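Next comes just one chain, in structure tokens: the form predicted alone.
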Amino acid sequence: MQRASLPSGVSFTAIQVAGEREREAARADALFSDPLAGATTAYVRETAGPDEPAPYMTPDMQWLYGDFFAIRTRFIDERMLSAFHDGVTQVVFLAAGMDGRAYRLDWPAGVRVFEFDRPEMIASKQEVVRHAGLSPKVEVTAIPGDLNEDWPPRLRAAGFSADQPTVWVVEGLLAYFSPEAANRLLSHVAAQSAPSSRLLTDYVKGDHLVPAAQAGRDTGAAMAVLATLFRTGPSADPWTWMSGQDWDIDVTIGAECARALNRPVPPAVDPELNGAVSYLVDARRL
């Protein structure tokens, strides 16, 4: 079966997260189902060359992150659905990766989705979707581009309206950005956000994740490779880097969210184990 090469580096982590979402969906007590996640891993297994990485995290990395990706996914699902009840009809996924919400959520009529990512990531996702015969449950516009560049004009050219309230999903992204790039990204989001817009994101300082690998277990070479991708994220915590930009910020500690869902606290974000703290953020534009 012929196909283009899979994305690498940070983009390949989207494939691995899809693998973790597939594992979650197979549980009897699953927090969600995700047909795109299963289609992604099946496609990779069928078409990958002998030297290409598997679509799953290694066992040691799975130990380190535990149910973190499922917990984060469920948090954003719930907050997004609450935004729909408030009448928000425009959603933007920045660095959308293999996000499957367009294929699994119950979308209200009239909602439009924009998925922004690198061209190779969009091409990989579209290839998986075609191969699996999946159809989105909502209108989706894919926009190729680079978030390190001036991306808002691309978004507006694709039909996005900064005058309408928007749900922004920035999931699993900030830790890969330098402070300057992360602050610039958040400033762009603020500038494009009408009143009542929502920003759903997670925040773990990238430099906390590397020491977490040594918290009671050696995660080996896989974590060493991943560590090379981490930066330090925004220059301050969520309460600080969004202050002065007219956001009402609701922050949930990841460990508390895990306990509320009857899941173990993942070692990577267990403050009692290594001092790292995961923040799940729901910010409303005033």
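Source: prediction; values computed, not measured. One-based numbering along the sequence shown.
Keep in mind that the form predicted in complex with a small molecule is not shown, yet the notes after this line are about it.
Only one segment in the set 79 to 87, 189 to 197, 160 to 168, 93 to 101 has any non-hydrogen atom within 4.5 angstroms of the small molecule in the predicted bound form, and it is 93 to 101. With a 4.5 Å cutoff on heavy atoms, Val17 counts as touching the small molecule in the predicted bound form.
Of the heavy atoms in Leu173, some are within 4.5 Å of the small molecule in the predicted bound form.
The shortest heavy atom separation between Asp146 and the small molecule in the predicted bound form is within 4.5 Å. Although the partner is absent from this view, Arg118 contacts the small molecule in the predicted bound form, with a non-hydrogen atom inside 4.5 angstroms. When you look in the predicted bound form, the only residue of Tyr203, Phe75, Phe177, Phe114 with a non-hydrogen atom within 4.5 Å of the small molecule is Phe177.
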